[in-house]
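Before any questions on binding or motion, here is one chain by itself as structure tokens, the form predicted on its own.
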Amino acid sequence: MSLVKINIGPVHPSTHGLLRLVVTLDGDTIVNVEPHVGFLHRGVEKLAENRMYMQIPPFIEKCDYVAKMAMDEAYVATVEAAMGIEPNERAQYERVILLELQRIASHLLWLGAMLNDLGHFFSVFMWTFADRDKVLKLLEEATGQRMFYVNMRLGGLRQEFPKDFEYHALDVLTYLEKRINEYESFIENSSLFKERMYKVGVLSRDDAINLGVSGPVLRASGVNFDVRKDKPYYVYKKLNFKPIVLYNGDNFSRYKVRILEIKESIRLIREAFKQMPDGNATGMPIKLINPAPKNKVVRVSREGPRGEIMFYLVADEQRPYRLAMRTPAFINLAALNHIARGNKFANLFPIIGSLDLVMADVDK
């Protein structure tokens, strides 16, 4: 057996950021994949120890810049838990709507980028970007910002939804529902797509559990775990949320889980708008925040687009004594070697794409 080592990255269009891989090949078959990370390390956890609680969200959002609303909310919810603050019902509904819009935008970006990695779907890449832009405009309308929102406040949001926001959102959701069905029909009838996705990069149920992956990667392997269902927060119990679970554990299942999650998010947002009570969702002004109980320890989990986001906080009065983050992209990347071994080298990039990595979230 003659083994060859190939270096990929750290600057490579299909590693989705600054990721270096050292791949060992036997002919055209992958024997080992060794990820080298840290090129984007900024020490966010340490930075948090030297800043007041509500000075930290701008740093947190940039960890997962594709799903910054999810990161922002998870952190603010952790501070709320430390301070004993509970958002009112309207604020909970509005947060859920924003989180599900962010999930749709994240999955649309992933869909275009992953298909572009296959080499023959650049048109879909452009389509998904155009459709994602409609969602980003909704988030801009709701928050005042297009890229980094910093919209969460203790007990609610920075500002109420605009007057016509529901009408605009439902209009976009109707359009997206039709588009997702068109994507499915177009993509899944492609012989190239089938060749690179079906029964490629299989991750078994037991291995998914043992490796600690989460989110769509976990549920595509038949594990019915979703924080929104198993550790429900806000009003997800009232929305009759149903996790999307498939059982083959291959690239196609990871693709399909996210497609179906977009449809489920559309349903959740519509249901949330119908049930949302009157009131005001505006949270506390930053300057009026009371000190947190010293040495209080809290742990909060949320279901982000890439998987479980977990924050561990040891509170001090004005700033975190210790803030630790367990984010999904790092854990899912750790499973790459196990998933890729035995596959053809040409299938490495669809496998990476199916994990939906954001390297800033890996390195932090």
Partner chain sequence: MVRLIIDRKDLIDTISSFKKKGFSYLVKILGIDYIDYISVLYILRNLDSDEEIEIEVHLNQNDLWVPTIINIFKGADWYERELYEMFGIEIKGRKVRKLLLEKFSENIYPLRKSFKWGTK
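Positions refer to the first chain, counted from 1. Quick caveat, the model's predicted, so the values are computed rather than measured.
Below, we turn to the form predicted together with the partner chain, even though it does not appear here.
Taking a 4.5 Å heavy atom cutoff to the partner chain in the model of the complex, the contact residue among Q102, N251, S214, N151 is S214.
Contact check at 4.5 Å (heavy atoms) against the partner chain in the model of the complex: all three of P35, D207 and R326 pass.
Contact with the partner chain in the model of the complex, defined as any heavy atom within 4.5 Å, is confined among 93-101, 173-181, 193-201, 224-232 to 224-232. Using a 4.5 Å cutoff between non-hydrogen atoms, V76 does not count as a contact of the partner chain in the model of the complex. Shown alone here, M52 lies farther than 4.5 Å from the partner chain in the model of the complex, counting heavy atoms only. V31 falls outside the set of residues with a heavy atom inside 4.5 Å of the partner chain in the model of the complex.
Of the heavy atoms in Y65, none are within 4.5 Å of the partner chain in the model of the complex. For the stretch 311-348, the set of residues having any non-hydrogen atom within 4.5 angstroms of the partner chain in the model of the complex comprises Y312, V314, Y321, R322, A324, M325, R326, F330, I331, L333, A334, H338, in sequence order.
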